[in-house]
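One chain comes next, on its own, written as structure tokens: the form predicted on its own.
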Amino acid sequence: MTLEISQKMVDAIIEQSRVEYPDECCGAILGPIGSGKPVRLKPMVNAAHSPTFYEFDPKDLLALYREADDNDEEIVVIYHSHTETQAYPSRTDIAYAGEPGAHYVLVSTRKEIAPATEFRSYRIVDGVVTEEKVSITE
């Protein structure tokens, strides 16, 4: 699989990760049901306010699902940042990955690679992590 994502969305996720540093940032990208296309970026608040863990607020998550249903959309991408480690899912990320059809995007903003970032995408199904290609479009 390949994640096709716009440069504008990549830039927005990286900017959010820098603004929310040292805490992990998080959010989702919605798209039309069945299309697999990331269309609408929804930054979320990291309810954990943690540099090592992210968590969607349950009320915000419920609102996100309702909004998606109301607009005939689904979650295409779930993203978050790693502030001090590489852009690879942690054991916690894998355990909490509950959307088998979603692309899980991780961006790393760790100091040793600054000002650069890592932007990677994975599928996580039944605890199995598979990295996928990322195609950034205009």
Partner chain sequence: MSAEVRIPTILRPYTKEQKSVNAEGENLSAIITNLDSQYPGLGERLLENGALRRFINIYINDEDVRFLGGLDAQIKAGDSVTILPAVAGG
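Keep in mind that what you see is a predicted model, and the values were worked out from it rather than measured. Numbering follows the first chain given and starts at 1.
Omitted from view is the form predicted together with the partner chain, to which the following refers.
Not one of 1, 11 and 35 comes within 4.5 Å of the partner chain in the predicted complex, counting any heavy atom. In the predicted complex, no heavy atom of residue 84 sits within 4.5 Å of the partner chain. Looking at residue 90, you'd find a heavy atom of it within 4.5 angstroms of the partner chain in the predicted complex. In the predicted complex, the partner chain lies farther than 4.5 Å from every heavy atom of residue 20.
Taking the partner from elsewhere, residue 49 is found to have every heavy atom lying beyond 4.5 Å of the partner chain in the predicted complex. Residues 55, 56, 58, 59, 61, 62, 65, 66, 69 of 55 to 71 are found to place at least one heavy atom within 4.5 Å of the partner chain in the predicted complex.
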